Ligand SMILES: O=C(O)[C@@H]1CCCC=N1
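Next up: a single chain in structure tokens, the form predicted on its own.
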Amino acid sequence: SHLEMSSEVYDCIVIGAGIQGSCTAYQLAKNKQKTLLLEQFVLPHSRGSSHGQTRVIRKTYEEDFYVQMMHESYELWAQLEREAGVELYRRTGLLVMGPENGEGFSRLKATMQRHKIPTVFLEKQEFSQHIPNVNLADGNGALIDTFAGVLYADRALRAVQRLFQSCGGGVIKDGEKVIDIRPGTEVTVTTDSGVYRGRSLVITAGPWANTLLTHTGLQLPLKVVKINVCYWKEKIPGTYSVGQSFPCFIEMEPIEGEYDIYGLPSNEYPGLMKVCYHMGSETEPDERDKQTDRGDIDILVRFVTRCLPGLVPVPAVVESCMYTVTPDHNFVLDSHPTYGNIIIGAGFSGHGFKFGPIIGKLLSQLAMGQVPSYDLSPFRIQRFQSHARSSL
């Protein structure tokens, strides 16, 4: 087939127009880089990890490096809101519940105090006054991150893509699947409808990261899982709503299940509250809908019955999302070990959306050959030394 070879050379090509790729492309274009953003599906789409209406934004992390990055991410989200002229963030607070003497909850508490994050610690007796319609499990402590809230995810994604295209030099081509990558001083990227060249390449392809990395002789220890995103009906509409100032929540180390359970106040679907298990079953990204395991839903049914008495304990709506998970659940933000002008952002492990603007800034710095503004050692590829294997 005759593929048109574009004569122009881009400063940077970004593959994957989810939140990370879109924020990266936007940062590059703002820095006067001629940037091409490629997306295999027609936009907007719901096949990856950035769709859906809401995500949690918070500073509550056990790790100092995440708290530090979130400080700036909040500022960048606010700046995006101003530039786009749309509301992207709604402050609701985040209720964190977890075994009072558990390792995770104690570490979280210590980090919050160390960074002076505005936090309210709730004693058992105050809990029911502050948080009606929630049963705190025995032995659980509770705290509230008062500046946490909800990000309007698909609205944010569209806003960033629109801002990117309004910068001179920002081009999006959707419905173009990348079928080959040839490394070199200029990287050549072939899609099913064109051939493009860039001085640098950023790969932010979510579940498809390893498929693309095959062309560069690298495989990362990434596991793709399908998440069942569950919405639950309020017995009395509004019980857990954003209008009633109900917060987002996280239940750490739940009684059953090894991963967190989290929820967002009813908002996008009136009368329905989003409550999910923070893990799923392994899947092939192109065969997502064949993965029908519902073990996570059973865990949620029992949690809702026990802790959220105002919800009907059967999910009313179940949607799909994918996580691409690294062994330590930290991101990959690094340049390719062999080809310095190929940059990789991957393995966001289901907690990357809130970092989008800061990740975009860091990946754009790597693509422009600048020293990144944070220490990226927690995100380097070499931490997987035993895993990362050549695919050549």
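In this text, all values refer to a predicted model and were calculated from it rather than measured experimentally. Position 1 is the first residue in the sequence shown; the rest follow in order.
What follows is about the form predicted together with the named molecule, which we do not show.
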> Is the named molecule in the predicted bound form near all of Val56, Ile250 and Tyr262, within 4.5 Å of a heavy atom of each?
Replying inline: yes
>> Does any part of Lys354 reach within 4.5 Å of the named molecule in the predicted bound form? Heavy atoms only, please.
In response: yes
>> Contact with the named molecule in the predicted bound form for Arg199, defined as at least one heavy atom pair within 4.5 Å: yes or no?
In response: no
> Quick one: does Lys233 come within 4.5 Å of the named molecule in the predicted bound form, counting heavy atoms only?
Replying inline: no
>> Within 4.5 Å, heavy atoms only: does His278 come near the named molecule in the predicted bound form?
In response: yes
